[in-house]
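Below sits a lone chain in structure tokens, taken as the form predicted alone.
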Amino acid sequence: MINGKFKGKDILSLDQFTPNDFKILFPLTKKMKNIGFNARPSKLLDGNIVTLIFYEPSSRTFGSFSAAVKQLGGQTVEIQNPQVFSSVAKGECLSDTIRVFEAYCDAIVIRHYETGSAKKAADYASSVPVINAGDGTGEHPTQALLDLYTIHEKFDRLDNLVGVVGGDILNGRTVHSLIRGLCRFKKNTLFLLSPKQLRLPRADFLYFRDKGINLIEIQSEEEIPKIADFWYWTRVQKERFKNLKDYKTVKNRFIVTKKLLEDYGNKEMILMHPLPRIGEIEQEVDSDPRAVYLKSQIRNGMYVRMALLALILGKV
């Protein structure tokens, strides 16, 4: 648990966060927004080096972490696809890779294709904090932090919310982390819209429900409540399927169109997506003022990561 003490902490799961931790992180995020949005020079991380090592493809998470470090005057060591462009290609194991880069930097940000790999990396790195940037179908905590900040920015609360999550709930690590985050607050309800094959695993469903969040599984757009505060749409993750035929049977089963928003949305809600988008939200929806996935949500990714890095490196 963080319990208000961020310095030196690994960031691996939303389970580490208490409501009080958000009260520390979010006001600082707002200050970071002032730095980033206005391109104000900062030397907060001057002298710090952060290693970004991504075993899976990434553009937004990788780019926003890189930009976050540089906005605060720090520097990065950047390694994408280490299976090809590092000693991993020669057979180097994860533990050796982490221990090598630990010697070069003050923090490590890792994305990996195996669930639980971020925890292993944190165990291997004894002297620097590790941030989980996505581990298989496990979690993506910093994505959830920016999602929660985006919701909080709109509604000024993280309790008494009604949300709709649509798409790949089985494999969506962003969804898993978002639910964990909303579990920290009272009286939240999520409607989970997905094909049967992509539902939340039953063990996870029961675990989250026991944590106090109200989860309701629905199977059609007609069951979407018109009072939702937010919709959180996700892509069906092709890379998680062993059989292409199985993927094609569930791809884009639920698509957000202007008509769907008109029929089941409301004026005060926001429409979110962790990106990339692969057809599950039509492009004509982008101009809708409720669609924030290419606006405030994406920008908040850099601001939240700026704040988080400053906290775990003990700069604030």
Ligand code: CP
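Computed from a predicted model, the values in this text were never measured in an experiment. Start at 1 with the first residue shown and count on from there.
As for the form predicted in complex with the named molecule, it is not shown, yet the points below apply to it.
Colleague: Is R184 part of the interface with the named molecule in the predicted complex - any heavy atom within 4.5 Å?
Modeller: Contact with the named molecule, no.
Colleague: Indicate whether S42 is a 4.5 Å heavy atom neighbour of the named molecule in the predicted complex.
Modeller: S42 lies outside the contact set for the named molecule.
Colleague: Answer for L261 alone: is it within 4.5 Å of the named molecule in the predicted complex, judged on heavy atom distances?
Modeller: No, L261 stays farther than 4.5 Å from the named molecule in the predicted complex.
Colleague: Can any non-hydrogen atom of A291 be found within 4.5 angstroms of the named molecule in the predicted complex?
Modeller: No, A291 is distant from the partner.
Colleague: Thinking of the named molecule in the predicted complex, which stretch from 66 to 74, 249 to 257, 32 to 40, 267 to 275 has heavy atoms inside 4.5 Å of it?
Modeller: After filtering at 4.5 Å, what remains is 267 to 275.
Colleague: Please tell me which of G47, P57, P27, G279 lies within 4.5 Å of the named molecule in the predicted complex, judged by heavy atoms.
Modeller: By the 4.5 Å heavy-atom cutoff, the listed residue in contact is P57.
Colleague: For the heavy atom contacts within 4.5 Å of the named molecule in the predicted complex, list the residues of 117 to 155 involved, in sequence order.
Modeller: Residues within 4.5 Å: H140, Q143.
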